[in-house]
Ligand SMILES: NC(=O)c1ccc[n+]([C@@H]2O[C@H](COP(=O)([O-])OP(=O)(O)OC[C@H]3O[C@@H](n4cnc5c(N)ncnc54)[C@H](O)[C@@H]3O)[C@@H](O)[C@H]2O)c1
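Read the single chain below, which is given as structure tokens and is the form predicted on its own.
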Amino acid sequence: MAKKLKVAVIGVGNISTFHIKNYLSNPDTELVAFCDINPETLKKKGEMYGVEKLFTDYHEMLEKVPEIDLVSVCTWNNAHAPASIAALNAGKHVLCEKPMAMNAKEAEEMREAARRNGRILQVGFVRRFGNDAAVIRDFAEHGNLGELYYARASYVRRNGNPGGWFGNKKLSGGGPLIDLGVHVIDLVRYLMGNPAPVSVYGAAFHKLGNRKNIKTPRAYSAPALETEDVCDVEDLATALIRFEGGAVLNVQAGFCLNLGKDETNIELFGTKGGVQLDPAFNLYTEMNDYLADVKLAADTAFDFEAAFQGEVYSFIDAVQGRGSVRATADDGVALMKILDAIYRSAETGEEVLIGA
């Protein structure tokens, strides 16, 4: 039997759970070490999953547990680049949670570290692994949608600033754009065939903050920070993104907005058909010169847990040479260039061109 790949996780907060349980369920991997800056969280997760090698410093972990093959980086955004680069330089393959980094410069440094060390760097764009994405890619690749030339995506909450590190720009790099928008922007780009971004025109607003005055409990809440309790990220960001070939995406992402209810909506429009992913899967086309709405018998619902399993298992397969990386470092860099450009456009009030 082939030797199991040994896995470490850096950052064992909430999102790490979806990495950990899929490493545990995969017959080709074995969890050997955890790292987190919070000793209490680290101890709790170690006991929960039977991991005994626990560290508060990932440099120490990489030095003292050299047998590690794979590392999942699930830290706050500001540690994505340094932790990933340290692991890559130590000869480990890395699955880094989204967003890839705080900015494009950091993302490019991560990509270079992967190339220099001959290691795989996969970015955690989990929506690429959903059933809905697979169905749409199938339709698109068979020409059923025609030329995809326009998309609109919205991921907006009424009262959904989680607080904690999510609201602290030094730790997060930004607000809903870098936290929520990253999902829908990457998904649309993936479904369009990963075209290169060309330019953006964006705006961002900081009007409502984290709405501490609201008595209604919020659905999303992160642990409070011991050091700084600030909210200096945007409430809402919106942008028009133009891709190579002429396709355009109109996107909005928000933590707090005075709308009726939280809204997630993703739609792509082509010359032969249009498709809606969220909140429900619908295909709009024409048949025999009649407008037609198509309902599929296939499972097209996005399943968060199943998608995460697909993401982690795909990473393991790529490391073992059984498959390719679906969310590459190049994809991560392209996404960070888009986010950087939106924030810059929001500051200047002008369109921003994106270089290669």
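Residue positions are given as counts along the sequence shown, with the first one as 1. These numbers come from a predicted model, not from an experiment.
From this point on, the text means the form predicted in complex with the named molecule, which you will not see here.
A.B. asks: Using heavy atoms and a 4.5 Å limit, would one call residue 269 a contact residue for the named molecule in the model of the complex?
C.D. replies: Answer no; every heavy atom of residue 269 is more than 4.5 Å from the named molecule in the model of the complex.
A.B. asks: Does residue 76 make contact with the named molecule in the model of the complex, using a 4.5 Å heavy atom cut-off?
C.D. replies: Yes, residue 76 is a contact residue.
A.B. asks: Using the partner position in the model of the complex, report whether residue 166 sits within 4.5 Å of the named molecule, counting heavy atoms only.
C.D. replies: Yes, contact at 4.5 Å.
A.B. asks: May I ask you to state whether residue 189 is within 4.5 Å of the named molecule in the model of the complex, using heavy atom distances?
C.D. replies: Outside the cut-off, so no.
A.B. asks: Here the chain is shown alone; which of 279, 143, 223, 246 has a heavy atom within 4.5 Å of the named molecule in the model of the complex?
C.D. replies: Result of the distance check: 223.
A.B. asks: Of 183, 119, 152, 211, which one comes within 4.5 Å of the named molecule in the model of the complex, counting heavy atoms only?
C.D. replies: Among 183, 119, 152, 211, a heavy atom within 4.5 Å of the named molecule in the model of the complex occurs only for 183.
A.B. asks: Is the named molecule close enough to 11, 41 and 179 in the model of the complex that each of the three has a heavy atom within 4.5 Å of it?
C.D. replies: Affirmative, all three are within 4.5 Å.
A.B. asks: Report the stretch among 61-69, 32-40, 289-297, 315-323 that approaches the named molecule in the model of the complex to within 4.5 Å, counting heavy atoms only.
C.D. replies: Flagged stretch: 32-40.
A.B. asks: Even though the chain is shown alone, can you say which residues of 86-120 have a heavy atom within 4.5 Å of the named molecule in the model of the complex?
C.D. replies: Heavy-atom contacts to the named molecule in the model of the complex: 97, 98, 99.
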